[in-house]
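One chain follows as structure tokens, the form predicted alone.
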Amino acid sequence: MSKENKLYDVAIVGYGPAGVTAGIYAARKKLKVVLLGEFPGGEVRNSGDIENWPGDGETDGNTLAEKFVGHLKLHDDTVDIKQELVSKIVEGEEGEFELTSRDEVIRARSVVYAAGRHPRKLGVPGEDQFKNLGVSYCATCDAPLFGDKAVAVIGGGNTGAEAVIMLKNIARKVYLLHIEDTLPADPVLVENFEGADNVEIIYRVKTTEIKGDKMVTGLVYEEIKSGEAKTLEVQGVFVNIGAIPNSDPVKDLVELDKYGAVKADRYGQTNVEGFMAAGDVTDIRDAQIVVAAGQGSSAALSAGNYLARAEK
């Protein structure tokens, strides 16, 4: 593995809304920037219809992600984009940061860490066995495969609600399973499927097993109050029970909260000077696209201020 001799002003980790916005703002400050991320547009691509992005009354995840990437590429004379993952970040011997990717070690004077989150698993028998064989974590990606089939959506938050909205127009039957007795999803989302003929909401249950042969054939759940086990005949299971921060590469460098999220203040500064964080990988209260983008801009401006102070 080679160590790149070039020293960047800012290394941005993450190709989603926070990382892209940080890249745009850092480029406007004429800083030497490298952005590393495997998935152009980030988890935004897994979103369905989007109605709360300012300036777009209605759009979708793929369209918005393409706009993000296209905007960033307007600054390709200033921002080097490397479509790869970062496995570890440490402080170098000369006060810089060293970022290890698949093929090289990249050096930068400051970092904006915006690596996002990944879907949380159920952790039940059959989940790993039938992944991509009926088990999915992305309705935007896989909903079209379930035309005229019965499916289950696990999780009553916004992501689960968005999955139901998408699937109700494709699948024959949609079961929404939630562990509590009310849905925490935004009411404006719930009203899109509440009362729909092919949607059934099952409250106060937990999934215990996913069954199948070559593909998913059913789901077993347990009623929390009675402990009774019941089976649904479904051909698809969409898991939407939250997400885990992608903080492993920095767990030995910066302070994390009990959930593994990077602790950062309103300006993106962490407990390590020169190391900023933004977006869903942080201990952010509201995991929203617009919030992540705002954090990305703040973190980039903080990186610029840090570098300006360091030069004095």
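Keep in mind the model is a prediction, meaning the values are calculated, not measured. Residue positions are given as counts along the sequence shown, with the first one as 1.
Keep in mind that the form predicted together with a small molecule is missing from the display, and what follows is about it.
**OP:** For the three residues Gln129, Gly236 and Asp283, verify that every one has a non-hydrogen atom within 4.5 Å of the small molecule in the predicted bound form; reply yes or no.
**Re:** Spot residues vs the small molecule: no contact at all.
**OP:** Answer with yes or no whether Arg117 is in contact with the small molecule in the predicted bound form, where contact means some heavy atom within 4.5 Å.
**Re:** Yes.
Original post:
Should Tyr267 be counted as a contact of the small molecule in the predicted bound form, where contact means heavy atoms within 4.5 Å?
Top reply: Heavy-atom contact with the small molecule at 4.5 Å: absent for Tyr267.
Original post:
So in the predicted bound form, does any heavy atom of Asn271 sit within 4.5 Å of the small molecule?
Top reply: So Asn271 does not count as contacting the small molecule.
Subject >> 4.5 Å heavy atom contact, Val44 and the small molecule in the predicted bound form >> reply: It does: once the small molecule is placed as it appears in the predicted bound form, Val44 has a heavy atom within 4.5 Å of it.
Original post:
Can you pick the stretch from 209 to 217, 78 to 86, 227 to 235, 149 to 157 whose heavy atoms fall within 4.5 Å of the small molecule in the predicted bound form?
Top reply: Contact criterion met by 78 to 86 only.
Subject >> Contact assignment for the small molecule in the predicted bound form, among Ile50, Val254, Ala261, Val34, heavy atom within 4.5 Å >> reply: Among Ile50, Val254, Ala261, Val34, a heavy atom within 4.5 Å of the small molecule in the predicted bound form occurs only for Ile50.
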